[in-house]
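Only one chain is given next, in C-alpha cells, and it is the form predicted on its own.
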Amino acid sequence: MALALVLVPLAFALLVIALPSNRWRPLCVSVGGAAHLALTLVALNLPEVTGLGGWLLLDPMARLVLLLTSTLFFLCSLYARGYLAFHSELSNRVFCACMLGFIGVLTLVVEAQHLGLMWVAIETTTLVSAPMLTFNRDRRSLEAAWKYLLIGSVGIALALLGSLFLAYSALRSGLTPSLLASDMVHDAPLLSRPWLRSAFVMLFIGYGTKMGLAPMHTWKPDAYGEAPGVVGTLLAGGLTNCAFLAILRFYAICISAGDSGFARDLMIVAGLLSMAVAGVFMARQKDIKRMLAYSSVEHMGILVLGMGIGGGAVFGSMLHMLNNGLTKGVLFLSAANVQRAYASKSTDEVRGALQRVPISGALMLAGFFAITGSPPFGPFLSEFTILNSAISEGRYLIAALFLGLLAVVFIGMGATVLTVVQGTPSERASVSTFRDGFSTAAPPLILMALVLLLGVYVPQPVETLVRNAASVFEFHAAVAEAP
C-alpha cells in the first residue's frame, strides 16, 4: 500500500504524457487525484502501512500530512480542468504530468523513514514543480522558476550537510551510522551533542528554506506570485508542510537526545521572525498573490512557533497545519479566479471583485477572515490553542508578541483584500470574459466549508489524527526524561 500511494500517481503521469489530446489530460489528472485520495483513505484505516523493508512507513505525523496533501490535490485536480480549459491554446502535457508527479513525490517525502531517501524526495519535488511555474511562458514566470530552483538547491544542499553531520554524530559516539528515523531516535541519547546541534541547525536552515521561513523565504513571493493558483495551493499547502514534517523528524531526534531546549529556542526565534517579516511586507502590498506568499511565510512561522512553545501548543501547531493548508487553498484558487477576471493581480487595477466575480470575491473575503484567525473559522481555534498554551507555560512575552504580530498582519492583509473586493469594478474588468464557473468555484467553496467545519466542530477521526501526531513528541520527551 505504501508503495502504491507513490506509484499510482506516477503511473497516471506516464499515461498523461502518452495522451495526444489537450482535452483528456486534465480529466486524467482528476482521475489520478481521485485514485490517490481513495488509496489514502484506505491506508488511514489500516493499522500499519509499510514498504521497502521499513524505509516507507505511515506513522502518525505522516498520516496527518498525507490526508491534507491528498485532499488538496484532489480538489486542485478538479479546479485544474476549468483552469486549463481557459488556457486551451497552451499545451498542458508537461503541466499535467508534473502535477501527478508532484503528488507522487510529495507522498514519498511523507512516507520516507530513511532520512537519505527523504532528502532525495524533497530535492525531486523542486525539479518536478519548477516546470509548472513556467506554464504561462512569460519572462517573469521563467525568472521566478530559476530563483525557486537556485534558492531551493542551496537550501537542500545545506540539508544534505546537516544529514552528514547527523551521521557523523553517531560515528563520533562509536555507533554504526543509520539514517533510519527509528534507529536515530533510539540511539539519540548516545549521539555527540555538538555535532547533533550543528546538524539540527543546518537541517533547520535547509528544510526551513523549502518551508519558506524568514529569512530564507525569498523564493516565495516570486514563485507564488507567478505560479498558477493551483500550483500556489500545492506549494503552500503541500510542499511547505512536507518540509515542516522533515524538520519535525529531526526535532524528534533532538527530543529523544534530551536536548530539545536548544531546538525549541531556535524555532521560537524563527517563528516570531517569520511573522514579523511577513507583517512588514504585507503592509501596502499591491500584488494579491505576493501578499498570499507573505501570508504563507507568516503561517510557517506560526507552525514552528507552536512547536517551540511546546505543551498544548504542539497540538495547536498540528491542527494549524491542517487549517492553514485548507485556507490557503481557498485564497489561492479564489485569487486566481479574480486575476483571470481582470487579467491583472495588482490592486491598482483590481477592484469590485464582489460584483465582477461574486463567488470568488466572497470566498476571498471569507478566506481573509479565516487565515487571519477570526472566528468561527478553523485557524482561530488552532491559533487560540497556541496562544493559550504560551500563556499557560508562562511565556507572556512570546504570547504578547504573537498577538501583536497577528494584529499587524490582519491590518496589512485587510487593506489589500478589502481594496480588491469592495467598490465598483474597474475598467480593467472588461478586458477578460472570465466568469465564475462550477469547476473553478466549487473546489474553493468545498475548501471553505471544510475550514468553517474545523472551526465549529473537529470530527473525531480528524481529531484523533491530530492528537496522535502531537503525542509523538510527548512520547519522545517522556522517554528522554525517564530515569
Partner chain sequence: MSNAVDALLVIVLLLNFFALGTSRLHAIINATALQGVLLGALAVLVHRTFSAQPILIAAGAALIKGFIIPWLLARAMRDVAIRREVEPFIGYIPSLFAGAVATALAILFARTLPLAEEHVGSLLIPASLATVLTGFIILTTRRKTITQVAGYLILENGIFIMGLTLVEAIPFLVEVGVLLDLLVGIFIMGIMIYQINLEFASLDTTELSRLKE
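Numbering follows the first chain given and starts at 1. All values reported here derive from a predicted model rather than from experimental measurement.
One more form of this protein should be noted, the form predicted in complex with its partner chain, which is absent from this view; the next part is about it.
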Counting only heavy atoms and a 4.5 Å cutoff, which of 109 to 117, 236 to 244, 353 to 361, 250 to 258 contacts its partner chain in the predicted bound form? 109 to 117
Its partner chain: the contacting residue among 87, 264, 81, 172 in the predicted bound form [heavy atom, 4.5 Å]: 172
Only one of 167, 343, 399, 276 comes within 4.5 Å of its partner chain in the predicted bound form by heavy atoms, so just point that one out. 167
When you measure heavy atoms, are 55, 142 and 147 every one within 4.5 angstroms of its partner chain in the predicted bound form? yes
Distance check, residue 207 to its partner chain in the predicted bound form, heavy atom within 4.5 Å: no
Any of the heavy atoms of residue 375 lying within 4.5 Å of its partner chain in the predicted bound form? no
Does any part of residue 289 reach within 4.5 Å of its partner chain in the predicted bound form? Heavy atoms only, please. no
Any chance residue 369 has a heavy atom within 4.5 Å of its partner chain in the predicted bound form? no
Can you name the residues of 182 to 202 that have a heavy atom within 4.5 Å of its partner chain in the predicted bound form? 192, 194, 195, 198
